[in-house]
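One chain follows as structure tokens, the form predicted alone.
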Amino acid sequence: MTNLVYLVPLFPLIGFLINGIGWRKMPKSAGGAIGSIAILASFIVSLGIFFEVKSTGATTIVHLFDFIQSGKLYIPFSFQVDALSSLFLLIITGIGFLIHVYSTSYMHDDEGMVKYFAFLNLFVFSMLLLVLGANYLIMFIGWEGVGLCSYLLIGFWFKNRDYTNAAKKAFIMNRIGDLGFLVGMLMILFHFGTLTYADFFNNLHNSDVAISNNMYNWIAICLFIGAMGKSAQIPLYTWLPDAMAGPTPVSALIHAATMVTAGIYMIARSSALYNLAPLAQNLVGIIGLATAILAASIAIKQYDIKKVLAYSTVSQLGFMFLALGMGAYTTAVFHVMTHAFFKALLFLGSGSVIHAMGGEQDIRKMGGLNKHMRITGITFLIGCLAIAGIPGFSGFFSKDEILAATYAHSPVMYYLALGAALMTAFYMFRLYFLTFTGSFRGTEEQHHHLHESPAAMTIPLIVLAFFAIVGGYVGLPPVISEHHSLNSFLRSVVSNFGEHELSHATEWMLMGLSSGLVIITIIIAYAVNKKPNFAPNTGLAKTLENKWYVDELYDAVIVNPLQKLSGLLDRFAERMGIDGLVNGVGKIVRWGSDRVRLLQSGQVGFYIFVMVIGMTLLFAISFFWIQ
């Protein structure tokens, strides 16, 4: 089955070509069916590959063709099939298929539905390239592909200027990070002469390759800059909340299973490098923790249902990078998996709410939706329980593992991370209580329009809710089971670095502390939002509502000075300098030709006079020159 791995990205590519070429004439239902079937076919093949890798534990390189060959430089177009890539294949195609099915109903009334599915297929194709590539160059091709597709999908409703601005913002901020990734690749190529994972990782410990420890740190930091852009870490995180401009299923796909997890995949894949780069590893952990806290605090005072989930995604990505910084690579991958389940569930649940509310996204105008949308309400509650880390749900196991790894590394960082986890529980249940409980606060027309979503939207919610409950049992903590299935599966590719064993008593204490505080936080969220007060915020609350004014800070420090500088350059360097020089040459030639043409008077006597003067001058010059 491994030899058929090329089919996994091929099916979405075929779906993209069919829908992309025929989107103007193809029926909407046909476009949705083609797009969904393409991802389903990829999922079936991925499932076969996963079980084959699970049974053999082998790493297989599938060579497709020679991509670049010049002198000593050789970069094949090859796929690497191992435990890490096969797991991501299941996440991408599995969650992707459910989102495609959901989209067939959600986007049914949109005139560009077929084009939407073409973009969606291209997005999945690019993400599959990213995780399957056997070298950094193939990863980079997929990396740039998802960046392009995010631009197309975020700005899908391009007639709205704000949406196109959000798409441009995502594209530009990702390019900033991508430059760091590109520099890191060039440094690897310069020092090691290869971009292939196997050769690079083997040469890391090769004494024949003379490279300082500082260079390991610089390469790792450059790669991390790329991850910061793609996975929305400080300071390159502000694009992701604005990405809510795209259709809700796009938000689920970008924020749950694909694009934003690319940075975590890249660092987990490069774990051998980061183990030799302690400075870079600490930087990853510190920035991840700072991002988790900052984004969680912002989410507390947001009123757009999708914005709350967007900042939640940024915060959860911070937790994943925190785990990577602690050297707990498999733990970060574990949280990627559980997060894919409950975050896709929450985004699709929000889409169901928006669909029922006629496009309304302000939670201040909702309330009491449980009475009208039982399936959406129950599944959304399951997603909230999972992300909050309630024991028994998937998020509990992965988040507890991150907190335990952080405690073993630094108790101070642990308590800061615990604070971010408690904020997560608060803002998610604030969102749930304001949306689904109490009395309805919208208009009479919205109340009349309330209804449960069709089966094409609710079935994916039910499937995701099931995995949001059971998905964490592949990683039971040592106090419950000594066998961690996910660790065992990934050990051949990625292993945790610098693990510190905690005693069972300490683990029980940490689990009890976090679980107890989360439950208390949920009770507080209920008490605060039982009778909601939407008076204008002041002080710190207003600062949080305005997202710590980070966008305004960026505008003041970066955007506005650049615009003024570009205005000055346009006026003086472009118009007066370059244009002035070019136009000046033309004016001088024209002015000179206007004067010279006066010599052509048509009078023979004048011509003879000029000829005599010329001869006299030549005679004088030659005479004095000879002297």
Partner chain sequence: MGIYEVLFWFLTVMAISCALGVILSRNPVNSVLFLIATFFAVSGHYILLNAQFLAIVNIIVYAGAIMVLFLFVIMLMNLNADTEPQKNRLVQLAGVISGGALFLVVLAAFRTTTVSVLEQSATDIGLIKNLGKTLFTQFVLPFEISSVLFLSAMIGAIVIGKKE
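This structure is a prediction, so every number in the text was calculated from the model and none was measured. Residue numbers count along the first chain shown, from 1.
Keep in mind the form predicted together with the partner chain is missing from the figure; the text below concerns it.
The closest heavy atom approach of F624 to the partner chain in the predicted complex falls within 4.5 Å. A residue is said to contact a partner when one of its heavy atoms sits within 4.5 Å of a partner heavy atom; L4 fails this definition for the partner chain in the predicted complex, lying far away. The partner is not shown here, but in the predicted complex the stretch 589 to 625 reaches within 4.5 angstroms of the partner chain through a heavy atom at G605, F609, V612, I613, M615, T616, F619, A620, F623, F624.
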